[in-house]
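In the structure tokens that follow, a single protein chain appears in two forms: structure 1, then structure 2.
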Structure 1
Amino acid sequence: MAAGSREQWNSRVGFIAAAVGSAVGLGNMWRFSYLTAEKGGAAFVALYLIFTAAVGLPVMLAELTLGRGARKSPIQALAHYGGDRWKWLGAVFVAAGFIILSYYSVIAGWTVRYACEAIFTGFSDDPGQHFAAIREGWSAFLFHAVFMGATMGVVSGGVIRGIERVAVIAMPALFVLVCGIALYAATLDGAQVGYRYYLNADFTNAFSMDVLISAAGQAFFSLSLGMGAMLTFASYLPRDSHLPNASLAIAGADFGVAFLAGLMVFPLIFALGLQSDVSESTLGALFVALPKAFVSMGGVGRFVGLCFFVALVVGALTSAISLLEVVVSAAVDGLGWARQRATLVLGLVITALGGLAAWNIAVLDVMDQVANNLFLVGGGFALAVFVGWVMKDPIGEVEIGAEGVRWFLGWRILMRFVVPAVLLVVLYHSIPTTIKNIWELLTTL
């Protein structure tokens, strides 16, 4: 590749697959269905779609616009449109990706371990005790390092030969696996009870502050926003790409996989009478209740469990690739490092930082809250202010390649008023809890 040139996606399909892979991850495949069941079923889905349209899609379109226009990673992209005084916001995006990947890969390492156990030993007869034994320590760190190694291997291959090549295979495979398990779950006696639990239309508390914040947060988090992933991926797009169509395709595919995941998980749990194991701990349900379900199914459960955890590994890998690419791209653009050097050095540093989460699950929980509640939401709020009030002519930039679209004025209004207001409310309710949990962790160390 010539000096100073920048890679481009080989096809629109490759970009969409990679962007959807960034959005569809462990949290999305389980967290969406869990929140849907706990927060009002169909009522929560309706609120989620409203907030996706009012908050998620506008922020995604903003990230895509900045990335494609500047053709740089987050720090340089913000400087391109706002001057050096806005580099800090790009640095927040990079820091978010750095922190999230460090603990996310620990959770992903658990999924790798469970997939391996499905192949070689079968699932434990006591999933709760087993998970408590393997979630921390050298074992957790080893699988975390293995997963990080796979992520580094893909990112070091570049946009076309690494990220796009994996995404165009992984995302269809993930969709097939999720659909296959969902269809099998539908054949189980008692599956209808799971569907009713998942899709109950409870509007009683639909407009309570707790449900509204959960729906807004899920709409923001599930689309992989506020961490610079969409911005970075968009920097490899051709100048005439139709960004509104891309945004709708990514959001639609992301919602589809998340919704299907609920049709896969809850029929399995309820058909086998394990609903009491679905507690406030989403990780506990994922790594305890479902393995217990697979054990109770006998031989077929081992195969279904293998497919399930392979699907989780695929979703985790595509998300991890986007997180590492944000960090690597920033080093390539800002420090002039070669891609392979940036991937190796930064990947090893992230692996080392993840050791804190691998040896102490309380650290993992706090890292997750800090990244999601402070970095992502705060970064998204600042991005909305930047595009809505600081950036010169964002409509002129986003219109390139999409001249027939007539609602960009509405997008600008949402970015100026609605998105900042919603994210400010989420921040207001998240910061006290996050600070409290950080303090509790520090006092116990």
Structure 2
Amino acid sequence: MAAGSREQWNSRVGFIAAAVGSAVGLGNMWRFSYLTAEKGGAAFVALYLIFTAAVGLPVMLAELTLGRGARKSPIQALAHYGGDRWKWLGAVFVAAGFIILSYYSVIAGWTVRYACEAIFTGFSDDPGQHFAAIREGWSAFLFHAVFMGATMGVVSGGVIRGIERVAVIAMPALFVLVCGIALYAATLDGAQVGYRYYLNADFTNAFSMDVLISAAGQAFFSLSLGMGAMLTFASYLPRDSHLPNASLAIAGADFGVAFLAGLMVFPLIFALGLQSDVSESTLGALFVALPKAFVSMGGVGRFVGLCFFVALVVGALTSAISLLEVVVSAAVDGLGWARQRATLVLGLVITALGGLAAWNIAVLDVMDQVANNLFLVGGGFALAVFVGWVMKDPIGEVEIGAEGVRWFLGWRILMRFVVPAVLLVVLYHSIPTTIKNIWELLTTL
């Protein structure tokens, strides 16, 4: 492409599909379900919804505003509005991209493996033992590498011919699969027990710091915020796009799919009497409890299980694409590399880094906590300070293409005061816990 010309999404729908594709992924299905189970059901869901609306949505609008306005990837976009002394924040974003994609792809690799098993061999009769055997080691690394290869293939195709083309097919397909499975789950005897667990709020633990921190981290992770992914996608937008509507559509679709995921997972598991697998849910619980449920449903279970894991693979792929795009666009804009070269080199570095997570699930768990509780929440805090206090005229920029919207002053107040204050409290409490968990990991290795 000629120097100075930047790719632009083919259509409004294409951008929305790609951004929803970024947001909707393992975060909505795997992470949301296991955290909901671990943190006590509906109360966690309610807090997560509050964070999505009050903190996630304003930060989403901020990222879209910065990206569309600067038409650059994160490091240059921050320098564009804040001068060179803000470049470090963009570099932190890129570092977060490396960390998140490297373990995200390992989990995605498990889902690829399970989808293959549903097709070729059927699920194992002893899912607990099976998962313990495949979650770490060479097999985990191999499927991770395959998944990374697919991600690199799409990103090297570019914004229109790679990312947009995959997203406009993948997102509707994922939505149909998720709705179909949720409807099927509703027909199972005993599904009500699952709904009751999922939807009956018990607020006794809701306000513990631990639950609040997880809900905040989950809101950022699920919306792909806090590391410039939405910013990067917005940098390929035309100048007249309506950013508030786009933010609402993305956040709405993201919460919708997470909510639907709960409507699939909990009835399936509870109808088959597998609640004990969930009550002390850990990161791997879904990869054990759900295959158990699918096995005990026989042939139908194998098909439903295939649909489920295909939905996970599709969601994970469109999310991984956005993570890799942040890193690749930084090298294209900042170092002047060709897209293909950046994708190949950086993709291979991330594949190698993922070896750490594939080698030990405890490392994966800590990488996930560090990325979410420190990088994303910290990145969201810094972004709020930047847009709230440093950027000259954020309202003037966000208003373009959205002239009739009245609540930008509310957005400004949220970005100046509410979002930074809330995130500071979350960080204050999550930093010690996260450091403690890193330390414990290091001493047990």
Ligand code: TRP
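The term rigid core refers to the maximal set of C-alpha atoms that superpose within 1.5 Å between the two forms. Just so it is clear, the model here is predicted, and its values are computed rather than measured. Reference numbering: structure 1, starting with residue 1.
Which depiction, structure 1 or structure 2, is to be taken as the form predicted together with the ligand?
Pick structure 2 here.
Rigid core aligned, does the Cα position of V398 differ by 2 Å or more between structures 1 and 2?
No, its C-alpha moves less than 2 Å.
Would you say whether T65 is displaced between structures 1 and 2, judging by a C-alpha shift of 2 Å or more on the superposed rigid core?
The answer is no, as the C-alpha of T65 shifts between structures 1 and 2 by less than 2 Å after core alignment.
At a 2 Å cut-off on C-alpha positions, does K39 qualify as shifted between structures 1 and 2 after fitting the rigid core?
Result for K39: yes, a 2 Å-plus shift.
Cα displacement of L49 between structures 1 and 2, core-superposed (Å)
That residue's C-alpha is offset by 3.2 Å.
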